[in-house]
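The chain below stands alone and is given in structure tokens; this is the form predicted on its own.
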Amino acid sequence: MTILQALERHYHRLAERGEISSPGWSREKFGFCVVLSRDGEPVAMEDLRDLLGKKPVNREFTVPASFKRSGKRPPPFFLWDKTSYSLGVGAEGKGWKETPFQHGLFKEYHLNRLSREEDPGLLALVRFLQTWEPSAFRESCLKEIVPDANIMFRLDGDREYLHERAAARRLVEAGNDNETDQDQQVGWCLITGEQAPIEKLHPAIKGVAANNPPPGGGHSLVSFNLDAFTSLCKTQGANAPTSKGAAFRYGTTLNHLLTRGGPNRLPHPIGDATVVFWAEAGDDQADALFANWLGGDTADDDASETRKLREQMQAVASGKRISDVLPQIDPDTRFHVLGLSPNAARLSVRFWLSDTIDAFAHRLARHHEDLRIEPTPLNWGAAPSVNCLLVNTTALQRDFKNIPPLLAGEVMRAVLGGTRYPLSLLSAALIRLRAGDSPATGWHAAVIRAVLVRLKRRHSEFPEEGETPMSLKRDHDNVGYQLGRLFAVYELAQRAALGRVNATIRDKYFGAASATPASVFPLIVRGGQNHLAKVRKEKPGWASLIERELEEIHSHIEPAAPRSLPRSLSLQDQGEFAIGYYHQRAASLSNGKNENIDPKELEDLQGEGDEK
């Protein structure tokens, strides 16, 4: 099933539930309404915004449908529009400017279309347009209107707006005669498979997060703006024939799903991709489950929700069907996930995945199972979102804007498709560690382990022997892992000897030690011996434990050449280094008698690079 077919089918389900606009109508955001007298005089300005928050927020209303405007004479919308069209004034810097051309189009269109109407409300609008002069705006009661806001109209004394009046509804349902093309093409619709009039310009898609939104107020999912994209001498929408009805339904559905704060949209983009999802079900329970699993980021302080989410995922990861955990959800329900990224005036499809809700649940549960590492990383919660993982392990200054967009799309596909994670994720996490991110938080180790375990598995869902361990495994046969442990023990010796210092060996040598051990470890060992000498004098029991741990680690390292360490480590072994370091750093050392080194007791001795 294609994206457009899935969207078009979802429209019918939403329509049955009364949650979406009918043909000819759309949901738009408004801030103001102009109240007209029966003579067409503007008598008041009504503020429609939600004023309860810190900033006024425009509210959505169902109005005659908007459409994509283009050409030298961009058509106005029916019975509403921006101030530049409806009032003839637009924004210029912090002030206003008159826009006689756009207002002329609005005036001409409505005077022609309403010329035979006798409804008092529509007649008031006609009289307003016949007498209104944009130059009078600054002295009128409308001067408080925000520049370029959408404006609707209402007759003084009425509660309904002009577009809600019965006469206006009849006009909308009858269609716009001016839009009838003499050369309207009829063809086979690629969505419905039926013959119908073909849409020339597909609907504008609004709500996709973009740094520079297009001036038309929306992006195109289907468009042909250059001859190089066309074929067989066809123009515009004829190259991907879609009926007008089907185009309206898929566009309306996608705009509905993209509503900010809506239940079918992740609150934050994944990289530059805005993600929406929907289930082919009569209710929204599957949508709510998926939103909670994929983008919940349940906080640690919400203990009951965290425990509940963790138990659900562990049950599904153990092989149970989603219906065994949540009986109200049909496991065979079809589910769709769509990631859209802005590309100038068009949209790029970052990823599109379609499968049953049970399959997605198992892949998400396996994803979180592969991320498990002990001890649990700092502020981990129950199920960190992909966005949270990426911002903590790959983004400069932990800024969402710095998440590599291509990497985000690849990771999302791997998570939802149950495939291997991209090696670029491993590379990006290691780069951040070399750049100064703290490996002691555990986030990088968790992500690196997930990449490595899936890289070595023949099947992503079945663990194999010898894969990168979840917790400290002293006999794990990987030189990078053992060198990471060795590095952590020498850092422990420094912490035990000196306490808090401005620059620890981790600050100085972590990146070099994980990439080129032979060039750095001699310096670390030499400094470690000095630290151990001091610990022997002050805490001989601790020195004994540290030396015993060093001997145990050295017993697992086989030098590549006589009495030498590896000159370099591969990318995967560098990842093992970070995991071995994390495991060893959190490990307690004890001789089974009275001597014990608990890492928690050294918390106040941590270097400044650690995160609290």
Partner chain sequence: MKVERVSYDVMTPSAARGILEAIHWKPAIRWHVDRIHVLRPICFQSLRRNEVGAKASEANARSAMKRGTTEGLGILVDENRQQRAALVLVDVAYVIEAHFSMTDKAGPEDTPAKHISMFNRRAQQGQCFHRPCLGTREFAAEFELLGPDDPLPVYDPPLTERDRDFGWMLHDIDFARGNESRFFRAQMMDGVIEVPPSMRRRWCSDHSASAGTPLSSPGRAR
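Residue numbers count along the first chain shown, from 1. For clarity, every value in this text was computed on a predicted model and none was experimentally measured.
Heads up, the form predicted together with its partner chain isn't pictured, but that's what we're talking about next.
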Q.
Please identify the residue among L221, A247, V453, A124 with any heavy atom within 4.5 Å of its partner chain in the predicted bound form.
A. L221
Q.
By the heavy atom within 4.5 Å rule, which residue out of T333, Q285, T441, T230 makes contact with its partner chain in the predicted bound form?
A. T230
Q.
When its partner chain is placed as it is in the predicted bound form, are L4, D272 and R346 each within 4.5 Å of it, taking any non-hydrogen atom of the residue?
A. yes
**Q.** in the predicted bound form, segment of 131 to 139, 94 to 102, 116 to 124, 407 to 415 with a heavy atom within 4.5 Å of its partner chain
**A.** 407 to 415
**Q.** A166, heavy atom within 4.5 angstroms of its partner chain in the predicted bound form
**A.** no
Q.
Since only the chain is shown here, I'm wondering whether H531 would be in contact with its partner chain in the predicted bound form (any heavy atom pair within 4.5 Å).
A. no
Q) So in the predicted bound form, does any heavy atom of F351 sit within 4.5 Å of its partner chain? A) yes
(Q) Within 4.5 Å, heavy atoms only: does Q397 come near its partner chain in the predicted bound form? (A) no
